[in-house]
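Coming up are structure 1 and structure 2: the same protein chain in two forms, each one given alone as C-alpha cells.
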Structure 1
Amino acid sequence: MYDANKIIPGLVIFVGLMTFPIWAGMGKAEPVPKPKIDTPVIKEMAEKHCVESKNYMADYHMQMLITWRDKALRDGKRIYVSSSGQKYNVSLQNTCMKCHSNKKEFCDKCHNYVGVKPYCWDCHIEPIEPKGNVL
C-alpha cells in the first residue's frame, strides 16, 4: 500500500463522519414523545376525539391547518365539517388551541423531537398556560 499516511486517516475520517448518528446517539436512549391530551377542555369531553381521526391528525395536521387558513381567509369559509359530520369553527387559536391548550406538552413535544419549529407563532398567540401545567 502506498501513501498510507494520507489514505488511512482519510478513511478514518470518512467512516467517522458516516457513522455520526451512531456515536452521537450512544447512551442517549430518549423515549418517543407522548403528546399529552390532559387539558381541561379535553377532560370534559365524553368521547375524546380530535377534529379528524387520530392517525389522520398525526400525519396531516399541518396541511389541514394551512387549508383551514386558505379556506377561511381566501374563501371566507369559517366552518369546517369533519368526516364524521361535526362542525368546527375554522381557527388555529380558537379551535385547536382551545382543546390543546397545553402547547408545550402537546405540539412542542412532537415538534422538538422531529426538529420542526412552525413559524405560525410569530403572529398567532400561544395559549397562556396555567403555571401548574408548565414544568
Structure 2
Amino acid sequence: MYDANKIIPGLVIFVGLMTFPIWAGMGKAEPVPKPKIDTPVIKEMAEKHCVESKNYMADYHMQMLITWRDKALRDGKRIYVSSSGQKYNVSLQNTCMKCHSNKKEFCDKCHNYVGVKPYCWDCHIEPIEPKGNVL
C-alpha cells in the first residue's frame, strides 16, 4: 500500500472530526420542556379544555393551524367543529392566543427546543406579554 503511514492516520483523524458532534453531545440532551398553561383565562375556566385533546394538539397543532388558515382564507370557512362537536372561531389570535397568551412560556419553549421558527408572526400581530411575574 502506498503511503499507508499517511493515509491511515488521515482516515482516523477524518472519522474523528466527522463524528465529534455525535460523541461529544452524548448524555447532554436537554429535558423536554413542559409548556406553562397557567394563564389568567385558563385559570378562570371551570372546565379546562382546548379545541382538541392535549395529545392531539401537541402532535398536530401546526397541521391544524395550516388547515385553519387555508379554510378561512381560501374557502371563507371560519367555524371549526371539534371532534367533541363544539364550534370554535377559526382564529389564531382570538381563539388560540386568547387562552395561550404566554407566548414565551407556551409557544417559544417548545419551538426553541426542536429548533423551528414558525412563520405565524409574519402575518399575525405577536402578543405583547406583561412584564414581570404577573402569571
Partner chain sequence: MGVMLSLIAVLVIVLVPLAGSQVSGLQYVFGVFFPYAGFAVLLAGFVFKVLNWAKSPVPFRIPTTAGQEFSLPWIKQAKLDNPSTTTGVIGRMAFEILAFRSLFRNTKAELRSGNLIYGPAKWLWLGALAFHWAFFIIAVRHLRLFVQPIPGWVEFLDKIDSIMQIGTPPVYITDVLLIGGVTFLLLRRLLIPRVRYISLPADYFPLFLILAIGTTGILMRFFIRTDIVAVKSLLVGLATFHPFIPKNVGAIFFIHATLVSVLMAYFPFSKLMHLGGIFLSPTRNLANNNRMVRHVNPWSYPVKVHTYDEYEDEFRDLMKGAGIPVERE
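Everything numeric here is computed off the predicted structure, so don't read it as measured data. Every residue number counts along structure 1's sequence, beginning with 1. Superpose the two forms; the largest set of C-alphas matching within 1.5 Å is the rigid core.
The form predicted in complex with the partner chain corresponds to structure 1; structure 2 is the other form.
V114 shows a C-alpha shift below 2 Å between structure 1 and structure 2 [criterion: core-superposed Cα displacement of 2 Å]. After superposing on the rigid core, the C-alpha of W23 is displaced by 5.1 Å between structure 1 and structure 2. With the core fitted, the CA of I13 sits 3.5 Å away from its counterpart between structure 1 and structure 2.
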